[in-house]
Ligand SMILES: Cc1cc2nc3c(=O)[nH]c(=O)nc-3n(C[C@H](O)[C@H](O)[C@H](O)COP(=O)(O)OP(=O)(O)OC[C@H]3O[C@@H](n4cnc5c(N)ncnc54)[C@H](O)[C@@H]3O)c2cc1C
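So this first bit is one chain, no partners, the form predicted on its own, shown in structure tokens.
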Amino acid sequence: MDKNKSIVVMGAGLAGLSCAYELAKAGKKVTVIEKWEDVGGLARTIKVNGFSFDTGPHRWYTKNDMVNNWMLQLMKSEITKVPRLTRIYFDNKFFHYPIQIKSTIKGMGLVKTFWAVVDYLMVRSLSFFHKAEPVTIEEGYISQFGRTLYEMFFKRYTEKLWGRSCREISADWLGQRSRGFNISTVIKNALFSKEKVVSFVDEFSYPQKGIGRLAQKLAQGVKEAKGTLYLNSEIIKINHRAGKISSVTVKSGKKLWEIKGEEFVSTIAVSDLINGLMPPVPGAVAKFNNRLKYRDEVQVVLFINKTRVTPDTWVYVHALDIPFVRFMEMDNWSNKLTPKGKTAIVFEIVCNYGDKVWNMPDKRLADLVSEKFISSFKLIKKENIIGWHIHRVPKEYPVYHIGYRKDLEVIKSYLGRFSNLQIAGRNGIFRYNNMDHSIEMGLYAAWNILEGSRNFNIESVNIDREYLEEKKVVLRAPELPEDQYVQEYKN
């Protein structure tokens, strides 16, 4: 391609930055535009009063060796291995997650465990005669675990997370998050040695100074390669003509300006992309676009004057009378994130943009979370809390409503008419990606531009049906000859 051809990347999350990084390293003219004050998108590390904390539990685990080696080459000795302990807090008891046989039997008791197994065997037996694909997430959970485990472990938390009935959520979300995971997977994990099956990964890779270091390193690489990065800059129009995107109109404070380009990669929410197109999209496309919804999040961070409050990397909280759905303790991720003898605990409250929780005053949110955590878990006292911080995250999760795939097909078909536009990232393609998936999409978008083709299929990422956390260990040649092993260091 023409070396002077300019490329505009919309959004400085991991998908956008990995794309820009590859292009800038290849000597291409790249401009990245980000509306927030910092890079990283949904995977940021924020620092307040000497405490560093991530915007949610972002562990690095991938089944793609190429992507893993790419990350290791980028981060080098910054990466450490973190032992994982994830539990469910359910009816005042802790259960290991992913489900472990011993923990589940102890928590449920023999009678409920017996019925859970019977339920599962009945479901699997019936599936031989009736192979209909589940439509709702309720049908999906029951087909994978049986009704007993669904109603115990999954129904309450899922409805708390999404704010709607499990009968209103597409089974695709379950396919994205726990494909192929069922009781047989749990049994296999208990019976077979780790050398044969790496299942329910019990450790993961992590940058010692926080997950945000991934985005920071990428942004640094873009700048060093003469790329341009605009922060606090919102794209308000995506201008097009004759089947091509021609420019974007950007607003920063009171300043408006236009950035032209020959190639465009969008990692902003696909609904925002459609709404920003100028001339506007046809009414039929706008109607389908308006059906796309997102779930938002308020994160409450408590600064604690003691460390290792819990043994967990993160905990899922099912109780409906407790406002947060999950919390994580940063000291259990790295000893380089908080002052010595102190820790930060990040609590996630899922809500909708502009609702009562979203608009709640910061102090009230901090009081609500601290009081519930102290009274429910009894792990700290009020005097242990030495500060707090509130972080609001719009569009944390794309909502898979029933029939969403048909709506997306119309939207993506329309976007497909722009020959110089690619979309990538979690909200960019409206798919519940992990970090490695978003990076892989960004790399594909960059390679397509570098090759002057569309040989790398972005939509193919994260659609395999194997359980995300199960990776069979096989000996094979690396996917790319230039991949090199990079040592990972432990704390």
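In case it trips you up, residue 1 is the first one in the sequence shown, and so on. All figures in this text were calculated on a predicted structure; none of them were measured in a lab.
Unshown form predicted together with the ligand; subsequent notes refer to it.
Q: Using heavy atoms and a 4.5 Å limit, would one call Ala15 a contact residue for the ligand in the predicted bound form?
A: Heavy-atom contact with the ligand at 4.5 Å: present for Ala15.
Q: Using a 4.5 Å heavy atom cut-off, state whether Ile235 contacts the ligand in the predicted bound form.
A: Yes, contact at 4.5 Å.
Q: I'd like to check something about Asn434: if you look in the predicted bound form, is any of its heavy atoms closer than or equal to 4.5 Å to a heavy atom of the ligand?
A: Yes, Asn434 is a contact residue.
Q: I'd like to check something about Ile137: if you look in the predicted bound form, is any of its heavy atoms closer than or equal to 4.5 Å to a heavy atom of the ligand?
A: Result no; Ile137 lies far from the ligand in the predicted bound form.
Q: Looking at Glu329, Glu263, Asp119, Glu396 here, can you tell me which has any non-hydrogen atom within 4.5 angstroms of the ligand in the predicted bound form?
A: Selected option: Glu396.
Q: I need to confirm a contact call. Of Ile46, Val461, Ala43, Leu443, which residue comes within 4.5 Å of the ligand in the predicted bound form, counting heavy atoms only?
A: When the ligand is considered in the predicted bound form, the option within 4.5 Å is Ala43.
Q: Want to guess which of 403 to 411, 227 to 235, 139 to 147, 373 to 381 is within 4.5 Å of the ligand in the predicted bound form, heavy atoms only?
A: That would be stretch 227 to 235.
Q: Listed by sequence position, which residues of 44 to 60 have a non-hydrogen atom within 4.5 angstroms of the ligand in the predicted bound form?
A: If the 4.5 Å heavy-atom criterion is applied to the ligand in the predicted bound form, 44 to 60 yields Thr55, Gly56, Pro57, His58, Arg59.
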